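Take a look at this single chain, the form predicted on its own, given in structure tokens.
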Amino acid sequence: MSQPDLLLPHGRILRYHFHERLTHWVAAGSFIYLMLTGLAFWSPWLFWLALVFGGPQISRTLHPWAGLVFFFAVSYMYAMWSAQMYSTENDKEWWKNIEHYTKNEDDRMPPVGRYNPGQKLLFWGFVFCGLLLLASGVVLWFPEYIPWNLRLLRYAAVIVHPGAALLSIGLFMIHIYMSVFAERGAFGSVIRGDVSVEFAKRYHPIWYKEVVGDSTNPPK
């Protein structure tokens, strides 16, 4: 089924609606704040980061609230995109040819839809880490409400929270690489909302065909 409402003038295709872009940047902004203040708490070598954000007391107070903002943003992204993030047969072939993707040999990659398997994996990684960070973060936020006979829960939170944080930072770095270097034009799409026809054909040909469908006047 075609999606002619996504076809824009001058050879552009709408990739993200405004509410999708807004949610993405709310999640990104809150995550960057969490990452920097979290690293300040995690290592004495990085404690100076807390000073940049107003001092340790302010950072310690705002960190969990920013965590709630991040979790709700990720939850909304889950509601918007989860149905498009499941693996397909084409995805299995994509993984077998991952070497070509890392070399930017896109002409040798199997065709994919709106999201490639790497982007899907990042999505589920952030959802999983978001759940772990929320659960462990609540325990660390209100330790006085954890009964002493459940003290192992506190100990687990001390390990799980930084572990999930480091994993999410790794995912974040991969996300930056994929959006800036692996798919030239992807970063601009979460700012403007649209991509060129060439971008869609090169990186997401199945999605391009879904958008154009049987249109007699596909964008040039």
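The first residue of the shown sequence is 1; numbering continues from there. Fair warning: this is a prediction, and the values are worked out from it, not measured in the lab.
Just so you know, the form predicted in complex with a small molecule exists too; it's not on screen, but the next bit is about it.
Engineer: Find out whether any non-hydrogen atom of Y115 is located within 4.5 angstroms of the small molecule in the model of the complex, and reply yes or no.
Structural biologist: Yes - in the model of the complex, heavy atoms of Y115 and the small molecule come within 4.5 Å of each other.
Engineer: Using heavy atoms and a 4.5 Å limit, would one call I146 a contact residue for the small molecule in the model of the complex?
Structural biologist: No, I146 stays farther than 4.5 Å from the small molecule in the model of the complex.
Engineer: Given that the partner is absent here, does F126 sit within 4.5 Å of the small molecule in the model of the complex, heavy atoms only?
Structural biologist: Output for F126 is yes: heavy atoms within 4.5 Å of the small molecule.
Engineer: Report whether the minimum heavy atom distance between W81 and the small molecule in the model of the complex is within 4.5 Å.
Structural biologist: Contact check for W81: yes, within 4.5 Å of the small molecule in the model of the complex.
Engineer: Please pick out the stretch from 150 to 158, 181 to 189, 36 to 44, 59 to 67 that is in contact with the small molecule in the model of the complex, where contact means heavy atoms within 4.5 Å.
Structural biologist: Stretch 181 to 189 is the one.
Engineer: Identify whether the small molecule in the model of the complex is within 4.5 Å of every residue in the set A28, L122 and F172, based on non-hydrogen atoms.
Structural biologist: Each of the three qualifies.
Engineer: Under a 4.5 angstroms heavy atom criterion, identify the one residue in V138, L132, M77, M109 near the small molecule in the model of the complex.
Structural biologist: After the contact test, the surviving option is M77.
Engineer: Can you pick out, from R12, H24, R202, K209, the residue that has a heavy atom within 4.5 Å of the small molecule in the model of the complex?
Structural biologist: Among R12, H24, R202, K209, a heavy atom within 4.5 Å of the small molecule in the model of the complex occurs only for H24.
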